[in-house]
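Structure 1 and structure 2 below are two forms of the same protein chain, each written out on its own as structure tokens.
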Structure 1
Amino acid sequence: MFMEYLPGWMFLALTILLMIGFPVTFTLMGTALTFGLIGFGWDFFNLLPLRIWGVMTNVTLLAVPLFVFMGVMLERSGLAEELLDTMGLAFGRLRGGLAISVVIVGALLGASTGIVGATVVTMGLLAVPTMLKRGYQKELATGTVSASGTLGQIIPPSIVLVLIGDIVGVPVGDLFMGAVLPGMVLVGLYILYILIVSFIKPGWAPPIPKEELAALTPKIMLKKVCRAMFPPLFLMMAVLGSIFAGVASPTEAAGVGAVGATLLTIANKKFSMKILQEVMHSTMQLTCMVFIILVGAASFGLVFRGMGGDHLVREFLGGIAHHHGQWTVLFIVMGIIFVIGFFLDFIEITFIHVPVLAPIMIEFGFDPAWFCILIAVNLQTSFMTPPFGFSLFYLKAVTPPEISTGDIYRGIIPFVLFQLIGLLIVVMFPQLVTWLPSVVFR
């Protein structure tokens, strides 16, 4: 019994050990090593350097240091604060206005990369301090940022869609087009939640004080907005523009953004050797944090496979498909992916489950593209679910020390619920996925 369910025990052990508070990545490695030695011995670990090599050679991950550089530069130069402050002013009359603008910025950033580590870290640096300064509740601030920073997962370009499309055999272009509306639905739901919460609990998302707004004549306000909107527009042009104009690939566009942020800093006369040094050091630390976690996850994933964890899950899923109707199967499958998303990262899940599930679902008559998007939305949720949501770890690393992991966990839960509503909407209205590609690609 013990050996059979070893992968399960490993998850349980990890959950407990992580709570102790030693750095996540080493806890992952230590746990993996212990269970690997119990499960299959030392030899299998020889595959570990190959997995690390896989992280090193994964060119799309290059977006992380580039975007982080951009984010840190904006933050250290004070531009980010000014930007979000003004956006908050612009939405000032609205309760939760600042949070809403954060969601929109997150969606735009998500449209330029598919790497969650990059967007969450960038957004965390930029938005959390400003929101706290404006009196936002910690939970709402961090929840908004980790949810909207994860939007890049579903808003194209998106790595997970590329992987799933490849496995299922749906052209990437169709999936990218198909993901646009579901992505917007999620954006809409996040905003809806913020609106609801700021009306029920005004103290959580205070509007800009009346006096402050009154002190601003429309003219000054307009000037301020124009001044503050220039940098973000310039950056969006630099990043999204270079992708859409065919100047740079999505990964390279992150580099264009980093240079753009530096230029803005120089133009604002905030640039100095000291700032550059700080930016470089922070970029390095955050990059190391993200990727050494991935190395820890690589060893954990290796052990999970080595112990036959994937077999357990596959057999279980295969068994369900034979005994139930199509909607029941879909419901169970989505539920399982959701739960497993607590523990494994999306690449593992994609590789383990999608090849088993896709043929079954297509057999049932579901649209392949629609099914791919459902999985992608579901996997996006896995970044946000405590205790192992990577977005939450990444956010923790960039927020001020007074924000605890607990704040972040509590803050994300409502967003996860709204995310599930989004999933349900996509389930009920497959046209959300199929309509746009059918129009765009004739």
Structure 2
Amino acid sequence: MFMEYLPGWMFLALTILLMIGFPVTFTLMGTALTFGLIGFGWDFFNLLPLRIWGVMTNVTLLAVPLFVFMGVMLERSGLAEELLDTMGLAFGRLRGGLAISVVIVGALLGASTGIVGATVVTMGLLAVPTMLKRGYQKELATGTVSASGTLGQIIPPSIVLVLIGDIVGVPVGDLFMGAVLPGMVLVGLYILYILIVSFIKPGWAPPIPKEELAALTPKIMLKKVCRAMFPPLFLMMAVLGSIFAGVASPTEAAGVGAVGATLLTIANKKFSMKILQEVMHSTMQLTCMVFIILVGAASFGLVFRGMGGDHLVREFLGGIAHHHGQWTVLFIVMGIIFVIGFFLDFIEITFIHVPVLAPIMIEFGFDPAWFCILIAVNLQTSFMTPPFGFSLFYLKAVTPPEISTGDIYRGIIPFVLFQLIGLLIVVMFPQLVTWLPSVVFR
């Protein structure tokens, strides 16, 4: 009986150790080694090196350090500061215009960098003090910045999509194309919430005084907007355009993006050898973190599957599907990922849960690309949900002293609800994911 349910005990041990606070990598590798020896004996060590070698020689995963380099370099280029200033003035006449500009800048930075931490920290430093000075309510200001910073999770080029695509076996180019419309839906929902709040509570999001905007003629404003919008649009066209046109693979496009980000930093006169060294150091740290977790997750997956863990999960979900239908299973799986996101980082969920759940859901007849995008949208909430939302921690670290953790938690709740509405929309309308790839790649 014990050996039959060994995969269940293994998963329980992993969950308990993670909740206690043990480091993810050592927990994954430690449980894999312990249960691997119990289940397979010493022969386990003949299998493990082959699995790790397969991870380290995966060409698709080369895109990860290149996209990280691109994002960190763009953070140092001064692009976000100019974007926020210009878009704030462009929407300044509207109630909530400054918050709307933050959402748009978050989307553009997400499409340019794909790194949530860099986007949230940059916008937290620049936008939150400005919004407070303009009379914005604390919760609305912090919630807008926290939510907008997470858009890099879904809007391509996204590191999450690269990882999920590799795990599930879906072409990354298909996922990038399929994520465009769901990303736009989330941007639209965030802006809709801001407009509603600004209409109901005008004092929470006042417009910029007309006297400040009077000096800006339409010609000057157009020039500022074009200048601020060109760099991120140039980078988006360079990276995504080369993939969508079939000129480059995602890995090659990531290299184009890294070069493009460096050129933009040079053009902005922010480039130096010190900056390059810092960017390379940050890239190395982030890449090592991702890959060492990936190695641990690959080891865990080897043991879990080898002992029949995926068979146990398939039987359990198959029983639910038989009695209640496959859509019930989908909602249960999405609910599990959403709840786990309260406690675990998106990388951990991607490497631990997706390899087990995705093949089973595809067997039930769900479109692989659509299911991958659903996971990505769901994982985005792992950055936003209290108490362990990483976006909230990043923001608290850089906000003024008068902003409390409670302000940030209260501010993000409406955006989490709209995020769930966005997830439901993508569930109800799979064409949002499948239409664009079918048009471009047919």
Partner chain sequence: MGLIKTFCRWIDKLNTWVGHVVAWATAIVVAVVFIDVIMRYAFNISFVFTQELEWHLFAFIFLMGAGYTLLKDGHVRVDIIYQRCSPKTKAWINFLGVIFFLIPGCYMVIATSLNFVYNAWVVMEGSPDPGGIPYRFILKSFIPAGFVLILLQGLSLGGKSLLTILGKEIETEGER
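Superpose the two forms; the largest set of C-alphas matching within 1.5 Å is the rigid core. Owing to the predicted nature of the structure, the values given are computational and were not obtained by experimental measurement. Start at 1 and count along the sequence of structure 1; that gives the residue numbers used here.
Between the two displayed forms of this chain, it is structure 1 that matches the form predicted in complex with its partner chain. Relative to the superposed rigid core, residue 156 undergoes a CA displacement smaller than 2 Å between the two structures. Taking 2 Å as the criterion, residue 178 does not count as shifted between the two structures: its C-alpha moves by less than this amount when the rigid core is aligned. After superposition on the rigid core, displacement of the C-alpha of residue 379 between the two structures stays below 2 Å.
The shift recorded for the CA atom of residue 276 between the two structures is 14.9 Å, with superposition on the rigid core.
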